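One chain is shown next in structure tokens, namely the form predicted on its own.
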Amino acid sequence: MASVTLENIQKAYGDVQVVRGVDLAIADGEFVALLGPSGCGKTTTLRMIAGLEEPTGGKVLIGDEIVSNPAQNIFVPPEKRRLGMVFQSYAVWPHMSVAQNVAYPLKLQGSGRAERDVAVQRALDMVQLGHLGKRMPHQLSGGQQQRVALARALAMEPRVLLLDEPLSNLDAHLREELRREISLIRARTGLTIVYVTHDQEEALALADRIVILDGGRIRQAGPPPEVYTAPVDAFVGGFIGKASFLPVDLVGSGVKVAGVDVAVDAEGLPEGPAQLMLRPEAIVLSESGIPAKVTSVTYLGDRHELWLDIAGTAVRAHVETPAAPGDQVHVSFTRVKLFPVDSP
């Protein structure tokens, strides 16, 4: 295992700047998820760690070793970085058996047959495929093929495990199952893991720390509960989890919604127009409070999702008590976050 350090990492393709000075220190044994919208630079950042892309500026270190530094003409090729990588596509060779797929990187490293066999079996057992070593890829499900790719990355005992949206091609049930497997593998191995995803639920469930990228820059980095409950700006608040934004006016230290006072933390914010961020679970149906109209209802099994019209703004709420479209109700908020109206 090893730490990963990015110092002012930059990547440009011609005149297009994709990564714009990312600084990030990932501790030995830490699980970090890179999260952000398409084109934010998360996969490019991962590929620069892997050595599949060469930075145009900055340094990449694995442990204490500088593996990329254009200013010093340093670039260690990916096969010499001792990193494991799992791609979005399974990248399983169709003409090789499961065991042969897993053994291939070890064979390239020059490992002996007996050593390879032990490592392959250990890795397959780790991903619950120990009994399928002789199968061919076409005899496996999509989830099993992705497990083969994961076993192949683990067999070489990498210093760092890199995963690029590894669950996005799987159905919901398989995603949840493999997500649990990744969590268990991490607990057993203590590996340093860098995980790229667009799935907020995956990031919240798996990571020690979430790094939100946008436009090639880090917008916020922190533990999942911190990023979810205390986003630094409206962009992060709207991207991680579900959120609705109500336009309000900040007067003194409070705001009014539909004529009703709402307690807010307005420290450091100027008076005037602002936006109130509401999480669906923070909206409660109540006997009195802020008037709202139910515009639609969706049954989600463990809760009802209501869309409410509050002072002319559509707001999503997750509640246990059912309601019907057209109902006039009252709501209160258990938690809110206030941002200036010009917050990104």
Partner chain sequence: MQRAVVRELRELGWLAVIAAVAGGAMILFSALPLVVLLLGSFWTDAGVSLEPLVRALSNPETWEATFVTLGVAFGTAAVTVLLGVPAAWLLARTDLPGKGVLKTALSMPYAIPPYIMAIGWITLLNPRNGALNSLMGLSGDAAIDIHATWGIIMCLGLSYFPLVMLQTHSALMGMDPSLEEAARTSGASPMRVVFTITLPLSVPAIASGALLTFLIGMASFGVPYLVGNPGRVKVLTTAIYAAIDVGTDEHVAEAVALAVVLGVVAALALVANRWLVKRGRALTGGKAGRPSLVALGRFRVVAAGALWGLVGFALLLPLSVLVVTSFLGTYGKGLVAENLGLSNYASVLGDTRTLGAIWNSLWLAAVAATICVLIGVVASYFRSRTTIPGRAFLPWFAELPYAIPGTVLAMGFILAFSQEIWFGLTDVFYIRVLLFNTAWILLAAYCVKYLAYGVRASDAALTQIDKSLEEAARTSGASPLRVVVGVVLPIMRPALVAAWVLVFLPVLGEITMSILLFGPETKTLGVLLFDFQSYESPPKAAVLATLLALTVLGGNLLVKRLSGGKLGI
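Numbering follows the first chain given and starts at 1. Fair warning: this is a prediction, and the values are worked out from it, not measured in the lab.
Unshown form predicted in complex with the partner chain; subsequent notes refer to it.
- Scanning Leu83, Ile212, Val196, Ala123 against the partner chain in the model of the complex with a 4.5 Å heavy atom cut-off leaves one residue, Leu83.
- Residue-level contacts in the model of the complex: of Gly268, Gly252, Gly110, Pro94, one residue has a heavy atom within 4.5 Å of the partner chain, and it is Pro94.
- Only one of 179-187, 73-81, 255-263, 124-132 lies within 4.5 Å of the partner chain in the model of the complex by heavy atoms, and it is 73-81.
- Against the partner chain in the model of the complex, the set Arg47, Tyr104 and Arg152 is in full contact: each member has a heavy atom within 4.5 Å.
- With a 4.5 Å cutoff on heavy atoms, Leu52 counts as touching the partner chain in the model of the complex.
- With a 4.5 Å cutoff on heavy atoms, Met156 counts as touching the partner chain in the model of the complex.
- With a 4.5 Å cutoff on heavy atoms, Gln100 does not count as touching the partner chain in the model of the complex; it lies far away.
- The shortest heavy atom separation between Ser89 and the partner chain in the model of the complex is within 4.5 Å.
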